[in-house]
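Consider the single chain below, provided in structure tokens and representing the form predicted on its own.
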């Protein structure tokens, strides 16, 4: 009995000595994050399970179960826009990772400190631009009559009027904006490679590819994984740039999944189905993120 009493006293003592001032300082941030993040998610889940038409409010709030999700699964336009988004995502991720590693290697091996500083400063410029501004800039660059891209090519390519070329314009614009971010992420990973290990490898072999493959690449995998997760979520919700660049056209050739969800919610006014689409995209994003961590992430000592 005495042992039970003595064991309960430390617990009550710990409760009495809780730093309530620290709790009070942290609580507003925690509450704000819950309101900003958790409440919209729960509200979207609630809408996805009920009828909610903005233009016909009669009957809104009627529980429909999984009917909205079944409508999404049977919607060919949804799968078409998702297919275009995933195709774009695969292309831009591969190109951005490869170019990012190449740019990072050039900066990391250069001995011109001022030039390195200038390049790293210029790399921030596209990232700092808002996607809507990037889309408007793309309209000017890809204009058929007086666009700078056609001026360089020496011919009038109908970039924004042809379905295939319009998607190519969206992909090129995204690559231009976010390759610098990939380069900065890869450069930060390269700085963690011990210089003495690189020097020892260079003494052992003169092949730069072998040094990169066996010495530097293991230190790049965490950065590559983080970049893939961030950019996958970004591409799945990409709206501003393609909307200002092509409006999803011509036809639906550049209507990415975010544009289709916006059309379903604010043009067709079916917020229930739009919420179900958003929930499915969230699930897809989580699955892809977990897949990246499982198949790509490895610590340097594990690679």
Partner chain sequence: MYLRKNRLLALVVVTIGLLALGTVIGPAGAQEWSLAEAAAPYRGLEIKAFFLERPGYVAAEQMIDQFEAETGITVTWDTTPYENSLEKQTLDFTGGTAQFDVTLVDVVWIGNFAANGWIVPLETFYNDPALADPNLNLGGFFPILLESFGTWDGVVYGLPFDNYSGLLYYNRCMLEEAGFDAPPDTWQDLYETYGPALTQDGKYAFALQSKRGETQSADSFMRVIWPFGGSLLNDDFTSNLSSAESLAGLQFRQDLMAYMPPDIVSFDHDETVQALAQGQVAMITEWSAFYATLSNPETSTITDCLGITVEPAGPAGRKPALGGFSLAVNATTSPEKQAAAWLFIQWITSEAVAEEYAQRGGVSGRTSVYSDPEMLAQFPHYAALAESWEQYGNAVFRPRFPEWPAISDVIAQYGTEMMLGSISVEDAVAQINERMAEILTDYTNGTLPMLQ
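Since this is a predicted model, take the numbers as computed values, not measurements. Positions refer to the first chain, counted from 1.
Omitted here: the form predicted together with the partner chain. The next part is about that form.
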| item | value |
| --- | --- |
| Candidate stretches 181-189, 203-211, 140-148, 100-108, one within 4.5 Å of the partner chain in the model of the complex by heavy atom | 140-148 |
| Joint contact, 64, 131 and 235 to the partner chain in the model of the complex, by non-hydrogen atom at 4.5 Å | no |
| 4.5 Å heavy atom contact, residue 277 to the partner chain in the model of the complex | no |
| 4.5 Å heavy atom contact, residue 80 and the partner chain in the model of the complex | no |
| Partner proximity in the model of the complex: residue 251 to the partner chain, non-hydrogen atom cutoff 4.5 Å | yes |
| Residue contact check: residue 257 to the partner chain in the model of the complex, 4.5 Å heavy atom | no |
| Residues within stretch 151-187 having a non-hydrogen atom within 4.5 Å of the partner chain in the model of the complex | 158, 160, 161, 163 |
